[in-house]
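Listed next as structure tokens is one chain, alone, in the form predicted on its own.
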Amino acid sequence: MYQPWTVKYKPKSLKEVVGNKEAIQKFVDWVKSWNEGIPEKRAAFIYGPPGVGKTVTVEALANDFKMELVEKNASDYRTEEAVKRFAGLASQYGSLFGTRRIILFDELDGLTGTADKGGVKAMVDVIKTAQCPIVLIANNAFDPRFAVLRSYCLLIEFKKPSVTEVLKHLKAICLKEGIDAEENALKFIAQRSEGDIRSAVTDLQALAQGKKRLTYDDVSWLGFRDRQENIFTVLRMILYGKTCDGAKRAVNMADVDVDMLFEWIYENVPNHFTDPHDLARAMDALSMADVYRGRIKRTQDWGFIRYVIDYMTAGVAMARVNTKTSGWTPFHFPERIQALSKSKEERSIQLEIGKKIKRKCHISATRASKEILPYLRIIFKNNVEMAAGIAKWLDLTPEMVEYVAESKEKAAAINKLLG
């Protein structure tokens, strides 16, 4: 049975938590201060970006200190009554087993906005009289709604771990999994995670699980996807969506183009729709989306894009009727994209062309290959004389000309003009 590595290798002790050593020590000192009596600040407010270890730190501390952890997601306790029912009594009395207690309100961001029915105010009241440590966790502690709450809390900021710290964690996982991983491959994953440890571990599992060796070529194609929003989160919203609007909103959250998102959905639908009738409906929706993609390419009428999005998101989500969720099913990177991007020779020549554009246009080679090269391809396919002039200006080799033109015949015509 599959098990997420984020769960399998979740820190059980504070010494296993990645990064934020100073913040963790500040938290530990505050908890220890309860041994000498109730401190001035009866609550700690831990804040920072997602995936940097805020929640696991509290859980690991409770485990190290043999404390009873009473943990709830604060977004489920928006009303004054619900907060006091959960935390009011728990903060006043000890554990049934004689151990010390620590109360955790996770994802406090969920209490903000119009959905909050007195939850923040109730939390302040609970903190004022708490007889045990209370921990609050949010991404942003400086939301205006938390202004009063902050004054009663010890603020502890968690920052993104360094690439070196994330890399060390990935190496430890590979060692335990018996995977011989190239250091530059793991470093690439660590850099792409941008300090989000959960994302780094999730990427590592998707790329390396079941393998004995992980090379840079196995991971370098990750550059084909941008990760403003974790693509796995977007896929989950679509494949497990309950409403059409929810599934369609996922497109706006993904910083990948529609064609790339289509590939992700197409690759993963068969593994997540186990009922044959559900799968047939989902693939039918994807086929209709592909029909409209074809019309866009033929007619250049981008008005059809709304039909592509509707079918590939809402159409797929609503196809899920009889499929039951059982265990954890991993998401897989699109094999068609992976196969294309694994060509080392292609990446090398693309980079060299990018460098030549860089010298003339004073932009990065990466940006040049991403933004300028597609336009060059159009010119090289449709205007041989202009292509020859550009090739001469950029000092492109015959191999580079053929790569841009994507046709030996076109390349031969251009190179002939170059003499």
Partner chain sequence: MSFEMWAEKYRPKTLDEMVNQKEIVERLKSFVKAKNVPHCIFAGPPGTGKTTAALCLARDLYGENYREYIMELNASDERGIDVVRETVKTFARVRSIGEVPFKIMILDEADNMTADAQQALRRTMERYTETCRFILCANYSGKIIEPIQSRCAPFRFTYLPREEHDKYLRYIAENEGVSLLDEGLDAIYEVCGGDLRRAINTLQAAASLSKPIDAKVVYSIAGRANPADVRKMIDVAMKGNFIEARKQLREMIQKYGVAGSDIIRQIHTEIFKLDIPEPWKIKLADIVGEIDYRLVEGADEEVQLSALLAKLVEAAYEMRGSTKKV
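Numbering follows the first chain given and starts at 1. Here the rigid core means the biggest group of C-alpha atoms that line up within 1.5 Å when the two forms are laid on top of each other. Everything numeric in this text was worked out from a predicted model, so none of it was measured.
Below: the form predicted together with the partner chain, not depicted.
Taking the partner from elsewhere, Lys297 is found to have a heavy atom lying within 4.5 Å of the partner chain in the predicted complex.
In the predicted complex, at least one heavy atom of Arg293 sits within 4.5 Å of a heavy atom of the partner chain. Under a 4.5 angstroms non-hydrogen atom cutoff, the partner chain in the predicted complex has Thr366 among its neighbouring residues. A residue is said to contact a partner when one of its heavy atoms sits within 4.5 Å of a partner heavy atom; Glu352 fails this definition for the partner chain in the predicted complex, lying far away.
With the partner left out here, the partner chain still marks one of 127-135, 262-270, 168-176, 205-213 in the predicted complex; by a 4.5 Å heavy atom cut-off that stretch is 262-270. Taking Ala43, Ala60, Ile390, Val31 one by one, only a single residue has any non-hydrogen atom within 4.5 Å of the partner chain in the predicted complex, and it is Ile390. When the partner chain is considered in the predicted complex, only one residue from Met67, Ile38, Cys361, Val70 comes within 4.5 Å through any heavy atom, namely Cys361. Site residues Leu279, Ser287 and Arg377 are all in contact with the partner chain in the predicted complex, judged by any heavy atom within 4.5 Å. If you fit the rigid core between this form and the one not shown, you'll see the Cα of Ala387 move by 2 angstroms or more.
After superposition on the rigid core, the Cα atom of Ser364 is displaced by 2 Å or more between this form and the one not shown. Superposed on the core, the two forms barely differ at Glu165: its CA moves less than 2 Å between this form and the one not shown.
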